[in-house]
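One chain comes next, on its own, written out as structure tokens in the form predicted alone.
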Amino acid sequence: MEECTKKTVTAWGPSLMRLTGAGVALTTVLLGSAWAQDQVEIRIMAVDSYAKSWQDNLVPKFNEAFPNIKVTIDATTGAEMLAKMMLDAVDPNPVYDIVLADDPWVPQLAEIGALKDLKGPEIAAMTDPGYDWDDFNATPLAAGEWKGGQYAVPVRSNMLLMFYNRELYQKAGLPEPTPALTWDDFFEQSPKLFLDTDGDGNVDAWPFTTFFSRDVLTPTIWQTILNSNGGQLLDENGKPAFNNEAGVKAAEMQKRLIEIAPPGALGHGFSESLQAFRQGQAAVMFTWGSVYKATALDATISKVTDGKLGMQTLPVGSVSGGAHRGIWNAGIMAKTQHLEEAWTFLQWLTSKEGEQVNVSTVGSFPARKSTLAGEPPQEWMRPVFATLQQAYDVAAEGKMWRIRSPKSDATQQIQADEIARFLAGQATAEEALNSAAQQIEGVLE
């Protein structure tokens, strides 16, 4: 067997040797049926924003080591993905072997038996001992957990972070923000960040922007403020615990942010706030870290290039700084007919070596401690690595993520509707949060 393994490794080249390291004989476990001469195809469902990039860039890297596994990645819009996964899970002739699921979807998919437990005995027998589950940061790894099982693994990590424009801070005569910046500090400094950058006598740059519109992303700002002050969405019994003084304070602070945002900010969603910040119209933006690369490097769409962009966790509340988890996970469908090939790909992609390829080739944010502690493959990633590790630690301590439930999407929509009512002046903070708590309790029951 060892002789056969060595021949296979030699035939498939040095990239496989790097993956398996000194444990050459372990490739018998890792490769499984991928030894077959006939090519096996596995299909993956991924969100359209990066499916093509993965197909064009990551799959060829994988095939350098595993040429007998054909990987086809189908692009699907985010709005359609969960429904398509649920339907495929119950189809007698399913299409997909691997699915990429957003952070809140794993409980829904796991609850109906759609996903394999990646730490279960069946897949554990195929897992290289060098894979090292303990090397993952707890925050992104937990996004793939449900009721004691590991149903998915992080492949494109993301966190809600604070972006800032160094040039505007300099023009305002203010020191750059640091992770020690408190909410009180931030609001105290904000009047100086109303700026007239072109000298025509009119303000054309404001202190702040983020998403305020009626959208499922908007409550993540409120929740992060709540968490940074020690509050939680649910208590230890799974009941709503946010319709209280801490929840009201967080909501009122979120509304206060509108006062220092550009005109019309109440209608701004993710895209509008990102555009405003990239055009130099706001000194600070709260948004998802994955937009960092284009914002910092692409001068055709952003004026915050050439070292002008800073990034860190959100301001410090009474307990900690703030962050919020948003992880794209990959899981193996329970009905797959190609389990060994599917795990071969997913294990490669999320191994220490594979994550390095993913980071350096397509710029995905890493989840492993060893990656974040190592040398970034590209210089632009240096501040990203430092900030991500801090955000993971902060989020883990404060449980800064959305409600974990098969009905997570429904609870998030309720929060979005009620927070929007409050921000628009249609309800007080107390009224909105009491209504949200009552509805969420009913949904979770």
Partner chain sequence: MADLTVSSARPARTVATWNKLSDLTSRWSFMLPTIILLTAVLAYPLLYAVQISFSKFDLMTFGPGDWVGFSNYIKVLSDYRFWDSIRVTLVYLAFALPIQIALGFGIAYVINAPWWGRSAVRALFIIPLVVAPVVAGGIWRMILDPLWGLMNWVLGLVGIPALDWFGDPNLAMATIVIIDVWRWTPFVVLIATAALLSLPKDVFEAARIDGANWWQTLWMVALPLLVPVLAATFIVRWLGAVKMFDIVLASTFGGPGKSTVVVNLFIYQEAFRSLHFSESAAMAIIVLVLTMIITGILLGLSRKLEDVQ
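Positions refer to the first chain, counted from 1. Quick caveat: nothing in here was measured; it's all calculated off a predicted structure.
Beyond the structure shown, there is the form predicted together with its partner chain, which is absent from this document and is the topic of what follows.
Does the trio A180, V362 and R382 actually contact its partner chain in the model of the complex, every residue with a heavy atom within 4.5 Å?
The answer is no: none of the three residues contacts the partner (heavy atom, 4.5 Å cut-off).
Contact with its partner chain in the model of the complex for D417, defined as at least one heavy atom pair within 4.5 Å: yes or no?
Because a heavy atom of D417 falls inside 4.5 Å of its partner chain in the model of the complex, the answer is yes.
So, N434 and its partner chain: in the model of the complex, are they within 4.5 Å at any heavy atom pair?
Flag for N434 set to no.
Would you check, heavy atoms only and a 4.5 Å threshold, whether S318 touches its partner chain in the model of the complex?
Result no; S318 lies far from its partner chain in the model of the complex.
Would you please decide whether Q413 lies within 4.5 angstroms of its partner chain in the model of the complex, comparing each non-hydrogen atom pair?
Within the cut-off, so yes.
Among 149-157, 229-237, 164-172, 72-80, mark the stretch whose residues have heavy atoms within 4.5 Å of its partner chain in the model of the complex.
Correct option: 72-80.
Between Q281, S302, Q356, Q189, only one gets a heavy atom within 4.5 angstroms of its partner chain in the model of the complex; which residue is that?
Flagged contact: Q281.
Contact residue in the model of the complex, chosen from A294, A138, V95, L87 - any heavy atom within 4.5 Å of its partner chain:
For this set of options, the contacting one is L87.
Between 295-328 and its partner chain in the model of the complex, list the residues on our side with a heavy atom within 4.5 Å.
None of them.
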